[in-house]
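Below sits a lone chain in structure tokens, taken as the form predicted alone.
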């Protein structure tokens, strides 16, 4: 299977080679952040740690962890380890307080992102010169640009359609002969609906790479059957550098390969700093070994997973495999590729004149596809359009919803049940 590696030497290193490389790179990245940024330096000083104390992976537990709140408190570039003149790009995700999480990139970081993404494309079966259709938007969120940087690194023909106008998307896919479809899985479902509604021919896609949303095996099978493609689950986040930086499942579909030459992953007990045994569920914690502008050191992702295997995979790769993300340690919701908290919805609703305090967030799941409905009580004159418009401005997407007269929504005697899950 050597024709399906982008970088066969690094993707098939022995376990000892991986560990030796991680030891060296952990020492180097610790020295880098300590020398280049006072925020990181203060955190190590608080533990009476010097870079020389971190000799390798055996010492990683001595380093303090980071969280999303550190990024928000450090907005925009408090934690950057390079001069602003070295930054060539930035991306961000929204935060529960309204303060975004910002990730700056140097040229080195863009190349690293491209390398990780190119491995994902190759692992999915793409060949240089194949046409990739990129449906995520090219904007502040990292999806579109991540797929683009990887495509350039691998030598793919980029069809940068962005989001929306599904009928045109399908025509372009057919006219150009797109082989690889990228995006969020909920958009793949929308494509299937339009194909059926418009009686359009199925594009020649062979591969679908989807990220930003958790999706079940049943959903993968539905999309695979509906679009006639092999479906892959890609993983990465703003804090690690974007989509694909952490890895993806291979054609064996037996867990997500993590690019261990670029990242160290730990699985810690929820709310604690102790690692759990391989096979046990816990919170994924990530250290980036090769990022330059803003490396993360023991970043608590909030994502729940477990280590599936550290043995060589059937595809030949030797990098650790973790289970697809099954949920989060907090109450963050992910719908249509957008991350948000219920309190963000509440804050946005309460900003609308006439909206009452009783509301309900209904997460609807049909065949593994999630959608959101926000029901609110409000005074006469408040319309569903007003609510939808304001929530779109606050959250970045348009939920469904209804406006009810005061007193019509359910009440609980105890704690209000603001989030309801409905599986159909």
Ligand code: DLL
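Numbering follows the first chain given and starts at 1. These numbers were taken from a predicted model, which means no experiment stands behind them.
Absent from the display: the form predicted in complex with this ligand. The rest refers to it.
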Legend entry - Heavy atom contact within 4.5 Å of this ligand in the predicted bound form, the stretch among 232-240, 270-278, 334-342, 312-320: 232-240
Inset, instruction - Give a yes or no for residue 328: in the predicted bound form, does one of its heavy atoms lie within 4.5 Å of a heavy atom belonging to this ligand? - result: yes
Inset, instruction - Could you confirm whether residue 203 comes within 4.5 Å of this ligand in the predicted bound form, counting heavy atoms only? - result: no
Inset, instruction - Indicate whether residue 183 is a 4.5 Å heavy atom neighbour of this ligand in the predicted bound form. - result: yes
Inset, instruction - Answer for residue 191 alone: is it within 4.5 Å of this ligand in the predicted bound form, judged on heavy atom distances? - result: no
Legend entry - Proximity to this ligand in the predicted bound form, single hit among 305, 166, 93, 290 (heavy atom within 4.5 Å): 93
Inset, instruction - Consider the chain as shown here, without its partner, and state which of 294, 223, 212, 126 has a heavy atom within 4.5 Å of this ligand in the predicted bound form. - result: 212
Inset, instruction - Can you tell me which bits of 146-181 touch this ligand in the predicted bound form, meaning any heavy atom within 4.5 Å? - result: 147
